[in-house]
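Just one chain follows, in the form predicted alone, and it is written as structure tokens.
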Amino acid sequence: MGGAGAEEELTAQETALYDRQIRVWGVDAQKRLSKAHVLVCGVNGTTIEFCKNIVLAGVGSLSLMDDHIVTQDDLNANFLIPPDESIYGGRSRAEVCCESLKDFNPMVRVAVAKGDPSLIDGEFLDRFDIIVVSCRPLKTKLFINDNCRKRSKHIAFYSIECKDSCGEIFADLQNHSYVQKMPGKEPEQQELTYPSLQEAISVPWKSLPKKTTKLYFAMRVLESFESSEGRNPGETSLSDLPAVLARRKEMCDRMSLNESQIPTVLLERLLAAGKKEHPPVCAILGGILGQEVIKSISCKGDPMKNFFYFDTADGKGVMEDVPPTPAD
């Protein structure tokens, strides 16, 4: 990713500004990062934490796509929106956050990309190396992920959602090569093949390991319910519980999974969350995604494959490989 440009030298200004992180991940990784172009579809508290991290790290450019007008609710988790209606009134989330992000690192090009994510075409996608999607219907995520895979250039796809105290990240790096450092050994070249989002959510549940996090199944039930009702992520409330429990039973019967694997109390929490984001969870998810995108761009270090879950109920972050990689 960012291959041709990676050979160019960093400027003296870049070397001075990024000196500390160059010592951590090396000058080659910083070169790749400075040539990478990122598109974020959906500006909220979680994606803004991610944006802050990659802008400070020195990504080449960042484009924000979100035409929704800022509301009072956006102030709860999005720390980049000033609590002054004379500043944000009548303006889109992307416009307001774009201005603030530019101040974090003047060397990074931050811009607004107007448009509807559900209509993104392939030629537009070719401008980017990384696509991050949040708060968009499953149909839109599948459409963008599928288009990323159809392009001749390598485009990494991520989706990220925060449901108040819970969060999910999905990554599709397609065919990814990276260097893995082994203790006491020479670095080794590794290869990973990723499933698409469609493939990852279509795996028969009975084929998954028993230790698979309950949040994976709960998110699939909620996703299925939202899709069938034509709702956007977060357009739910506790009044939807009876219909969601019926959806759980139907899916568990079809997938031969015990309903106890998807606790009612967990579904209640996800429904009650609606569109609310818990700022500390936003920071955790945005930090993890920033780290993963930097690993993806630099081709250094073990990337996640392919889901990450976080739940404040136990404070654990869990990686899930869905479908599981066959044993050697």
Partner chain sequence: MASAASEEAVKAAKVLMVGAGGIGCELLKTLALTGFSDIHLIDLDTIEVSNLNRQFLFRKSHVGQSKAHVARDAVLKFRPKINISSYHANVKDAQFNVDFFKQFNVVLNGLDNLDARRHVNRLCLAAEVPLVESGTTGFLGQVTVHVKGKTECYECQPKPVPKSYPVCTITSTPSKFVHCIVWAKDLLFAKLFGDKNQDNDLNVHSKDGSSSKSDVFERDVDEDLDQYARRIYDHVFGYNIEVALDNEETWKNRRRPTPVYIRDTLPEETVQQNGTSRECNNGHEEPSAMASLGFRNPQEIWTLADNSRVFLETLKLFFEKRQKEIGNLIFDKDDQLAVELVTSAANIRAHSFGIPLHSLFEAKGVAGNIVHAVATTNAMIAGLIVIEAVKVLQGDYKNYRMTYCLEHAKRKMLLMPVEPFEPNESCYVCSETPLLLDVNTKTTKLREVIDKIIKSKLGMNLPLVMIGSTLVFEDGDGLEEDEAANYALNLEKVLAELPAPVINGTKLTVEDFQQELSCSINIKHREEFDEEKEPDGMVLSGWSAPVEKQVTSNGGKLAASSSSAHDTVGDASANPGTKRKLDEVLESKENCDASSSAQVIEDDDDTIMLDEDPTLLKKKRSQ
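Numbering follows the first chain given and starts at 1. Everything numeric here is computed off the predicted structure, so don't read it as measured data.
Unshown form predicted in complex with the partner chain; subsequent notes refer to it.
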item	value
Stretch in contact, per heavy atom within 4.5 angstroms of the partner chain in the model of the complex, of 72-80, 129-137, 149-157, 190-198	72-80
Heavy atom of residue 104 within 4.5 Å of the partner chain in the model of the complex	yes
Interface membership of residue 60, the partner chain in the model of the complex, 4.5 Å heavy atom rule	no
Residue 302, heavy atom within 4.5 angstroms of the partner chain in the model of the complex	yes
Partner proximity in the model of the complex: residue 182 to the partner chain, non-hydrogen atom cutoff 4.5 Å	yes
Candidate site 91, 243 and 259: all three near the partner chain in the model of the complex by heavy atom within 4.5 Å	no
The partner chain in the model of the complex - contacting residues of 43-59, heavy atom within 4.5 Å	49, 52, 53, 56
